[in-house]
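Just so you know, structure 1 and structure 2 below are the same protein chain in two forms, each on its own as structure tokens.
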Structure 1
């Protein structure tokens, strides 16, 4: 099997997972405690109006037919209409998604960098390693909203260094072409805007990144400690290489694999955490949209968000797998 076949297979598996996800959402929409017809028409709707609405929504059709309609709609980008905003969910998502993508991107990047540093630093036998281990356990034990609340309390409330909500506090933010405010500001040459956007990103991205960073760091530490006991590390040392060369050239390369897999897994936690963080920081992304939808039981909106986040998660993991397979000479042809 050549690498292209592997990539094709891995992407095929991702598609299967997505189909399962869609089926799960369909099932959940039927288990939902809110009746769509009631939700759209409001509490005071007459019985006949509800019946007519049910027919219009296709809720009287056989369940399999409904499922195929659901899948068909999904493929056409039709995710239903939000009970709350009365907009098509797709339209709402399109509006909120770029903010989330930007936040998640920076958070994941930060998590990787932080995780790498934590892993390497805590694998050594220096004096701070114990304290670092303590800090890492703390980081892994802190609920996201505690970090967010403390961050706001200290850096916004007391020190006034960082903003506490939104993507930007400047007028007329650029609206395209990428949807990433930082990138768009850069493309438009508005450096003030860029700084402002980064200031707004810093706290939510860091809060979001800490948990995954600790997990990545712990896994990296574990595999580094194991790899550093390997015979080929002893060989490298017997050659008289400097300790740094041993670590960077021989140890790290062989220990990033598990850390990379962990990054893929942590992406799921990061995306779920995104809903919490966006709510606390009033970040106008799909997490915020979902958090607003939860109290009113707006299931089409929630399932739309779930599908989009699920897609992101599945793609990230497929990417991680493919990268790993291609990077390992032992499984290469």
Structure 2
């Protein structure tokens, strides 16, 4: 299949999945017992005010018309107004999303590094591989909230090495241009702020990364073990190459395809776990925003977070499939 055709079909499939997700959120909003107009106006609103607000929101229109309005609003970036903050949901997400993206980026980067270490060390039977595997599998077996609390008790409460909450403890952090505090601090030349931001990132990013890292490492190890039995690997060994060179130069490149696919799947799980981790570490991202919105039934905020996370998951998996196709032309949809 032509690479451009593959990319077009994969992006088309991503669009279909997003439409299904939007339809699911629309259905859930109508199955909910919360009246959007009443929730927005407050418990003391009169019936006439609620009826006027329902008409303003288009809730009196036929269900099919409401659905097309919902899809149109989504395409234009209109996700409604939060019942809790009284701000447009897109405005709230623009405020909270950069913190989540920064945490997810570093967590995924850390998961890839740890997964690579685990997979290569296990397949190559390197010294210390069993200890690394035991520590990582033990961490991945624990619930996220328990692992986070354990990290706070040890590295903040007992050792005092790392901070327990927030993005930074320093005043006047930079607010732009990227929204990533680490990168903005670097661009501003505030290296003390950069170090402080990395210290705040390390514990929540590690908690998020351990589970995906174990899954990526296991898949990579299985692929490496299979590739190491191939004829060209025997040829490389017969030339006198050291085992480490054979593993890293010849076997690793042909083993990354399954690991890339697993990375896409684990990125979605990482985004799902982000809600729990942000709540424990008081990380000011969309997970923390959603956790505050759930108890008050703020459905526009909850659906906005769900759609953003779903969009991120779909795009990441599409990108992974495209990269895997470019790495190995034999890959098909």
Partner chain sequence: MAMAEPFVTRQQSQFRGPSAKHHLPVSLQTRLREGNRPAWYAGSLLAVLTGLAVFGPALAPHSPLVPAGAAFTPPGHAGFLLGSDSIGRDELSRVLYGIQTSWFSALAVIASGVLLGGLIGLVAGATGGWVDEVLMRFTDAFLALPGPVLAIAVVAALGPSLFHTLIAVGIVWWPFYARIVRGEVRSLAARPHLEAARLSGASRWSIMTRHLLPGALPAIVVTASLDVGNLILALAGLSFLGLGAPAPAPELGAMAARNLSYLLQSWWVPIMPALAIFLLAFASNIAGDFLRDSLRNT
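So that the term is clear: the rigid core is the largest set of C-alpha atoms that superpose within 1.5 Å between two forms. Residue numbers count along the first chain shown, from 1. Nothing here was measured: the structure is a model prediction, and the numbers come from that model.
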Practice task
Only one of the two shown forms is the form predicted alone, so please name it by number.
Solution key: 2
Handout entry: Core-aligned C-alpha movement of residue 265 between structure 1 and structure 2 reaching 2 Å
Key = no
Exercise for the section: Answer yes if the CA of residue 51 moves 2 Å or more between structure 1 and structure 2 after aligning the rigid core, and no otherwise. Expected result: yes
Exercise for the section: Classify residue 95 as shifted (yes) or not shifted (no) between structure 1 and structure 2, where shifted means its C-alpha moves by 2 Å or more with the rigid core superposed. Expected result: no
Handout entry: Core-referenced Cα shift (Å), residue 230, between structure 1 and structure 2
Key = 2.4
